[in-house]
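First, one chain by itself in structure tokens, the form predicted alone.
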């Protein structure tokens, strides 16, 4: 529900979705023919058959892969995904994603016998849980847990925070796990505390799930129902800081989604890797349905399940309506961190414009980071990104998207900010590489 003040002097209230007490079980969708995995690295596919020049490239077209097998292009690569199906690699190519980010796209033709053809790598080490084997085998689980944060000696982690909230509108993915799998969350939390040696575990939930969350064994803290209170940056700033004064907000925090914690616990308990992603699917008519799909499943398979058709001008959004990003094709796969998929009819799309900022101040009024957005956008539209960072707090932005939502001139402020950050970070990386 969205509420606006008649006079426009109070920021609009956007309410998070509340999971229904009678929530239907997720619809299980099986991959039809192929899965695609986008690995966060780029390897020239021409190296596949380059003999000595191929270096330590691991995969090539025609290779057989097993369910649960690590998919990485080189044996020393830190980035990898887990194959949710067994089959044969039919294509390896470079893929340029959002903001020009480079990936290696691996297409696997499914053989239909995934349940029998399982990689045993994790099973051989799961009896001795450790941070090392968690990082080596579990990063590609649903929720994409990040274990690298525990290996940074300069920023020691002091608390593990489990997000049982959904930080964008319309989604109920993480709420589902708190409501229906709280014992699995407790198992996962206990394992994380054991392998990290960190006893301070905190579970963040919406207020209506506070009682259920009490069984998790973690300290339970709640956020209210008004967007963007469930954003990780605001949780760290307002909720966690109150535990130990201002210093707490600057301590090392390791964030894990409730879904990822459940998957970690199940992996160590059973020796098997659970590789189905729970996604909130929102159709053109606004109906919401939780679906469970193997990681790597093309979006088209989900559309087919719900008889949803894409026409010219329609939009597919990965993520919620505030922070989500449009993708250009229904062949785009479900990734380990895909929580929400929204299909928007072309008639529902609000057109953006190139009208200049009218200085109404709405963006400043709603900004949770207290940025003078009306000044910032002038630098961004002029391409003066360094000035935006130095003079107008560009990197203080938490990317909640509220500024774009309220903009009277319909300026895509959120997209300008993401582009500026990406450009500056790329320039910095290039400079460091040259040095």
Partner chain sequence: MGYFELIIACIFVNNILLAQFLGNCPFLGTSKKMETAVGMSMAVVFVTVMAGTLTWVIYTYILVNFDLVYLRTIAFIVVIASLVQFVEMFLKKSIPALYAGLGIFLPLITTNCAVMGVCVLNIDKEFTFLQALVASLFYAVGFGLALILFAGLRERTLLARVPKPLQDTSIALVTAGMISLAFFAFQGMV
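Residue numbers count along the first chain shown, from 1. For clarity, every value in this text was computed on a predicted model and none was experimentally measured.
Only in words, not in the display: the form predicted together with its partner chain, which the text now covers.
Checklist entry - Just one of 356, 183, 219, 128 has a heavy atom within 4.5 angstroms of its partner chain in the predicted bound form, so which one? => result Only one option qualifies, and that one is 356.
Checklist entry - Within 4.5 Å of its partner chain in the predicted bound form, heavy atoms considered, which of 64, 32, 384, 28? => result The residue from 64, 32, 384, 28 that makes the contact is 384.
Item to check | Partner-proximal stretch of 347 to 355, 211 to 219, 197 to 205, 155 to 163 relative to its partner chain in the predicted bound form, 4.5 angstroms, heavy atom | outcome: Looking at the other structure, the answer is 347 to 355.
Checklist entry - Does the 4.5 Å heavy atom contact test between residue 378 and its partner chain in the predicted bound form come out positive? => result Residue 378: contacts its partner chain in the predicted bound form.
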